[in-house]
Structure formats: C-alpha cells, structure tokens
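What follows is one chain in structure tokens, specifically the form predicted alone.
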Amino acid sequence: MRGLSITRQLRNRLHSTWMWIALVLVIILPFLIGIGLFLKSRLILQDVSLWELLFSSQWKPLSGKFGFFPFIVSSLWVTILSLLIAGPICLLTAIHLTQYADNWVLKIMHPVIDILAGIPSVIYGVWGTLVIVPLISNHIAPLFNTETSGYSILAGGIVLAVMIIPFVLNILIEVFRTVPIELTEASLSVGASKWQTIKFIHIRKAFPGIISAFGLGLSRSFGETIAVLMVVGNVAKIPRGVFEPGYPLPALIANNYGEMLSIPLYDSALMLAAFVLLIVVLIFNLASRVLIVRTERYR
C-alpha cells in the first residue's frame, strides 16, 4: 500500500509539473515571439529612426527607404471597416438567436457558424476576387460616381468582415446566454417590454463580453493576411477612400519575404513590420481588457 501511495504521489507531481510547464510556455510565448522579431529588426533601427520608419510614406527598398505609414494606414482602414460591417450584424444576430428565435434555429445556426469559422482564408480570398471585387467595380462604385478596379479597401473590409463574423458571433451568443434568467423575469415583471429588457438588462450585463468579442475580432482582422492581399490591390500608397487600393502590413510581409531579401536591410524591415503588427495586436487586446475592467468597476 505504501509503495502504491508513493507511486500515486509521484504521478500527481509529474502531471502537475507538466501542467505548470505548459502554463509558463503559454504565458511567455508572446514575449519570446516579440523578442525574436525585435532582435531581427534591430539592424534597421540602428540606421533609421523608428519615427521615420513608422511615419514616412516613402517605400523604396532599393534606395534604402522603408516608410511603413501607407501600410499601417491601410491596415487600420480595412480593420476598422470590417468591424463597422461585422459589428452590427453580429450583435443583432446574437440578440435575435438568444432572445427571439426558437431553440431549433440556434441548433441549426451553430454548425453553420462552425463551418464558416473553419473555411480556410484563401477560400474567402478567392470568393472576394470572384464576387466582391466585380460587385464593387461594376455596381457599388458607380453609385458613388467612382471608377475603380474593385481591388480596394472596401473589398478587403467586406471579406474581413465575413471572416470575423463566425468568431465574434460565437462569443456573443455565449455571452448573452450567460445573463441570468432571473434578471429577465424581474425586468418583465415590473412592466418592461422585451426590447427594454434586452437594451437595459442584457446588453448592459453582457457589455464586458461584447467588448471582448469585438476586441478579438479586431485583432483577427488586423493580422489577417492571405484573403486581404488577394482583394485589396497591394499598392504602396496612402488610401484616401474606401474605393482606393491599399497594402496592409500582413500582405507586405507575405508578398515580399523570401523574394527580395538580397536587398540590404529588407529582411530587417520586414521583421520590423511583423514586430509592429504584433505590438498593435497586443495593444488592441490590452485596451479591450482595460475597458472591460473599468466597465465592471463602475457597474
């Protein structure tokens, strides 16, 4: 019996150790990635100031000019546009599915959402090229008296919006389902309408979860690569409107890494672009966490 007890203790300690190692690895992984990218990009930082790299519009690698401003602006354009399109759709759909629709509708929607989430991004890119780009070029842009090839910020925003809908919608559905039924019954019992209950009880109660869902959607939009580079045009200039082409940071890295690394500092410049991408995504996540904490504090 004593030997069996020692064996069980050793086994428990071994399992506990492995779980601690896994936990520590998950915690330090973002820092390891960030340190690696920074070390690879420090070569260009020794020659050019960070301010000039981030806010210069000149992208001429052969002349040693690496201005990331057009790429950063393009990334912000497509990211914000995708969230503006997907946000209301996800929020209203989640409210309808959890508050108005019958249970069988939600049972049907769950596998549909999972299928949408599992489709590879290159498929969304092909769909955007075949459907969204001609739609913008032939129908949407003419409504605004604009001529465009269709490869534009708007195409990137629409494709990204479709891509993040399943992720954001899945989280929102779970968030709304966690609102206690007692709160709903109490609100209805004092004479509030269904919509008033949703507006003042459900949305306010689920507000931190809503922020978290949109924060994750924002991070995914900012870092998406393949689908965006297939529809956004990839022109290294600052876009002045949604019908102009852009060139987001992920597309820059995917298009050029491995092909033009013989140019001095090019490798380091692309690593800096990846480092900036990582920092911005971390800022998005940190900002959403701060907003959640502050919201919960004042509730």
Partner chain sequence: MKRRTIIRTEEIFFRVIMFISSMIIAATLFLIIFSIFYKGLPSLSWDMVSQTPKGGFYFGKEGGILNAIVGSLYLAGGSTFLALVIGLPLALFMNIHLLSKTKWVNAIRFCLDLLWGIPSIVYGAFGFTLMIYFGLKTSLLAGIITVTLFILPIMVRAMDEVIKTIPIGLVEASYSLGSTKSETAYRIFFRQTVPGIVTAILLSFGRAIGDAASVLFTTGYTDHMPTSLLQPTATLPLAIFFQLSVPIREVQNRAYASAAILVFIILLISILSRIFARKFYKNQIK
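Just so we're on the same page, rigid core means the largest C-alpha set that superposes within 1.5 Å between forms. Just so you know, these numbers come straight off a predicted model, no measurement behind them. Numbering follows the first chain given and starts at 1.
What comes next is about the form predicted together with its partner chain, which is not displayed.
S.K.: Is every one of 27, 110 and 119 within 4.5 Å of its partner chain in the predicted bound form, counting heavy atoms?
M.R.: Every listed residue reaches its partner chain in the predicted bound form, so yes.
S.K.: Taking the partner as it appears in the predicted bound form, which of 111 to 119, 70 to 78, 204 to 212, 142 to 150 has residues with heavy atoms within 4.5 Å of its partner chain?
M.R.: Going through the listed ranges, the match is 111 to 119.
S.K.: Under a 4.5 Å heavy atom criterion, is residue 269 part of the interface with its partner chain in the predicted bound form?
M.R.: Residue 269 lies outside the contact set for its partner chain.
S.K.: Is residue 84 part of the interface with its partner chain in the predicted bound form - any heavy atom within 4.5 Å?
M.R.: No, no contact at 4.5 Å.
S.K.: Would residue 136 sit within 4.5 Å of its partner chain in the predicted bound form, counting heavy atoms only?
M.R.: Close contact is absent here: in the predicted bound form, residue 136 is far from its partner chain, nothing within 4.5 Å, heavy atoms only.
S.K.: Do residue 238 and its partner chain come within 4.5 Å of each other in the predicted bound form, heavy atoms counted?
M.R.: Residue 238 lies outside the contact set for its partner chain.
S.K.: Though the partner is not shown here, which residues of 128 to 154 have a heavy atom within 4.5 Å of its partner chain in the predicted bound form?
M.R.: Contacts from 128 to 154: 129, 130, 131.
S.K.: Hey, does residue 45 budge by 2 Å or more at the Cα between this form and the one not shown once the core is superposed?
M.R.: No, residue 45 moves less than 2 Å.
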